[in-house]
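In the block that follows, a single chain appears as structure tokens, in the form predicted alone.
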């Protein structure tokens, strides 16, 4: 069963490895990758001894221990990873606020604390009384769930900075069932200074000792690298008599991790309805800045959130050199700053670095004189945007792909908000189905 896998990011590489480990002949698997290296959204970059992840700060954590152990084994085993305790904060003016925000109300100025507590309790009480369902619009969901104070002081400004759209245009689908509901007792305790914890399932995480997060995709890809065609973009997919032709070459089966938004320009003779649905899917791009610093160490932080406009365009800062000792030269340290922008729009101009540094200095994160240099990488597809048309468009796209036997996989292959471990889990599940089909056929 000759199989073409389009894209050599974590999903494509994991699928190839699972297929071959499951018994498919190595010569029957080919991966097409437009970039000159594997890795996709998990890629890392090293500049003058400083390493950073080019699409934002990644961590390795999974509820699926088998998947996490498989990832570790592929990338060198337990000894190839550093275990870190998660310590995340929100920078609120000159204060560090515990994360998640509703568990850190006691860290706020008194008036903001009161606003947030009053709003949270009012929203909680209203839900108990009227039993209302979660609103469909994200901005309304925030107020239904957290109340007016948390919305105004944190959720609105932070999410407007990330999504670059009016929040009423977003659906609540991406948070419903994904964001844990803090018990009201915990919020009351946090407001009066009794520390409470949220997201305890992610209290610790793993990160590669060397090479950045790309060490994981390098490890997964090591045994299948000879099957990867680098610098080979997929230019056309044409339906054949019993399969598909990829760039003119016949394959029995095609698995695509390419972004759905790009498929109408690649798949020849795609009908109008799925083509329009795919092209209309919304997404955000990201520009990541490495900030190399002439200081020996950071505070003991994993990453922080910067919700307010006066803190500059950065929405999240990863304390990159805290993740592993080799990510910065001895005596130096580094930050990774994330700036999002709507997909399809031009990337930020040369003023971005200045705006980021000025914002970080205003937030008290660094002093400009500490900055040795910056390096930037922009990535076109970074975040799925869940607008109100998302569900119908995605459904139309996936249903059509099923009818023509192109199997989608990965964050943008299926337009799902999947983390790296979920990509591996879904690749493992797909490999199981494809191997079963191959044995049955």
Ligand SMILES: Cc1cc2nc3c(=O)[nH]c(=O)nc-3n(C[C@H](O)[C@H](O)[C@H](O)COP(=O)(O)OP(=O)(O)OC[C@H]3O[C@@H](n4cnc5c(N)ncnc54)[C@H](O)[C@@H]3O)c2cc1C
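Keep in mind that what you see is a predicted model, and the values were worked out from it rather than measured. Positions refer to the first chain, counted from 1.
If you look for the form predicted in complex with this ligand, you will not find it shown, but the lines that follow are about it.
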(message) Let me test this: is every residue among 9, 57 and 257 within 4.5 Å of this ligand in the model of the complex, going by heavy atom positions?
(response) yes
(request) Within 4.5 Å of this ligand in the model of the complex, counting heavy atoms only, one of 22 to 30, 369 to 377, 36 to 44, 396 to 404 shows up; tell me which. (result) 36 to 44
(message) Is residue 139 part of the interface with this ligand in the model of the complex - any heavy atom within 4.5 Å?
(response) no
(message) Taking any heavy atom pair closer than or equal to 4.5 Å as contact, tell me whether residue 233 reaches this ligand in the model of the complex.
(response) yes
(message) Given that this ligand is not shown alongside this chain, does residue 408 nevertheless sit within 4.5 Å of it in the model of the complex, heavy atom to heavy atom?
(response) no
(message) Quick check on residue 338: any heavy atom within 4.5 Å of this ligand in the model of the complex?
(response) yes
(request) Name the single residue among 266, 324, 167, 155 that comes within 4.5 Å of this ligand in the model of the complex, judging by heavy atoms. (result) 266
(message) Under a 4.5 angstroms heavy atom criterion, identify the one residue in 123, 117, 74, 286 near this ligand in the model of the complex.
(response) 286
(message) At 4.5 Å, heavy atom to heavy atom, what parts of 207 to 228 sit next to this ligand in the model of the complex? List them in sequence order, or say none.
(response) 213
